[in-house]
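Single chain ahead, by itself, as structure tokens, in the form predicted alone.
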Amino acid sequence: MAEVLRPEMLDISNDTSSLSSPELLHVLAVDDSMVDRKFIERLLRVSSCKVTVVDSATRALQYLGLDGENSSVGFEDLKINLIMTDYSMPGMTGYELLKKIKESSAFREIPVVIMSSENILPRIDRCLEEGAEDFLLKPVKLADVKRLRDSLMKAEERAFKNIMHKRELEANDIYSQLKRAKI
């Protein structure tokens, strides 16, 4: 009779590289103002985030590969945990970028935060209704960034635990099937 494999002996991959690392969140920051770009980049880096900055919504779409052209990075290498974008930019607004991201099957689950120096309630409501995670008034504060980071890390941790739990259940199921089959 063949040896019965216990769940811990089964070759269920524990490779979690496809899961984002809760230690270093990757944020795509979009702002046409160089001063605001540098400021948000600094806040994010101080908050232990990896940051990619671009100067327009069009460049953000290019980076993500959503412009119909080739992405600046390989899609399989691209892991963005959060997109923070200015609302008022020439060419394409942050709201329009939000809509394009939420229409994308590859990126719709990525939280998008809109930033603006204008506190216009209908604009804020429209962005939140379209799926924005949050709407921050400029100047963005370190506390805002830390709150977002902590919230994302908790969500990432929950997702990781759910996947690991699912793998454990699958391993137990395989173990039970093998045991019943007396393999």
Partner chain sequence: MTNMGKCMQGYLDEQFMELEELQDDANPNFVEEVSALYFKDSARLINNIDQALERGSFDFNRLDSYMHQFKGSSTSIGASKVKAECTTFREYCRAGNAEGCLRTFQQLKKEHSTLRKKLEHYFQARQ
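Note that this is a predicted model, so its numbers are computed, not measured. Residue numbers count along the first chain shown, from 1.
FYI, the form predicted together with its partner chain isn't displayed, but the following is about it.
Comment: its partner chain is not present in this chain, but in the predicted complex one of Lys154, Arg147, Lys141, Arg126 has a heavy atom within 4.5 Å of it, namely Lys141. With a 4.5 Å cutoff on heavy atoms, Phe135 does not count as touching its partner chain in the predicted complex; it lies far away. The closest non-hydrogen atom of Asn119 lies beyond 4.5 Å of its partner chain in the predicted complex. When its partner chain is considered in the predicted complex, Tyr63 lies well away from it, no heavy atom lying within 4.5 Å. Contact check for Leu43: a non-hydrogen atom falls within 4.5 Å of its partner chain in the predicted complex. Here the chain stands alone, but in the predicted complex its contact with its partner chain, taken as any heavy atom within 4.5 Å, falls in 32 to 40 among 154 to 162, 127 to 135, 32 to 40, 49 to 57.
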